[in-house]
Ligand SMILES: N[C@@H](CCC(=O)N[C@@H](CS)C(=O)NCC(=O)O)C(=O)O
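This document starts with one chain, in the form predicted on its own, laid out as structure tokens.
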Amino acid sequence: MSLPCLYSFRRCPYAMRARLGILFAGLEVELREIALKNKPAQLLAVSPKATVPVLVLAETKTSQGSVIEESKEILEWALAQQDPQGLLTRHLTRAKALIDKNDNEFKPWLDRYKYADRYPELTQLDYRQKGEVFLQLLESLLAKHHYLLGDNPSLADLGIMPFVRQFAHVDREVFYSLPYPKLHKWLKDWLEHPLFQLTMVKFQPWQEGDAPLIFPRPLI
């Protein structure tokens, strides 16, 4: 039986979100790591928007292999197949709302903070402080529980963590000097999580003719 095919890029937070969903669901996919400056024709053929992640479902007798182009949908699809930790059963409506807030409100400020030279309308400090509004919300949530919405992880943690990581990595010294101790611990715990470490294993960009690369592969 053929596996779903996931087009991905290691450092993209949206693609991290999708890979985390695959891992927490305990699924396997054929992974095709892409180079953003040299996107393969196969990706463009199945998804003209040409942004990762893109999941091409395996063909079956009743399906020609549909395409899922949004990271949130890939995350939810994976956990709908199997969800051994019950992530979809916890605070699903609140989790989706928080992920939407991350994507629609926090991510634009994150992009401007990371690439401040491209957005000279404000300073990098201004962009960081605007992004911190969302971080303050997360800190307040984590003051109540170990995870964002409770004492166990939910869809929200998987969906948001890669973006907080990206924000932190713009300037780690600054990030860990900010007054968000609960958020710092939450992020560090996730960065040390074995499944996240599997998410970040490096692979060479895929080329046509390569042998299928099955994801995940165990850490060596």
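What you are looking at is a predicted structure, and each value in this text was computed from that prediction instead of being measured. In this text, residue numbers run from 1 along the sequence as written.
Omitted from view is the form predicted together with the named molecule, to which the following refers.
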query	finding
Within 4.5 Å of the named molecule in the model of the complex, all of G150, D157 and H193 (non-hydrogen atom)	no
4.5 Å heavy atom contact, A50 and the named molecule in the model of the complex	yes
Non-hydrogen atom contact L36 with the named molecule in the model of the complex at 4.5 angstroms	yes
is_contact(F24, the named molecule) in the model of the complex, heavy atom dist at most 4.5 Å	no
N102, heavy atom within 4.5 angstroms of the named molecule in the model of the complex	no
Stretch from 141-149, 127-135, 69-77, 86-94 whose residues place a heavy atom within 4.5 Å of the named molecule in the model of the complex	69-77
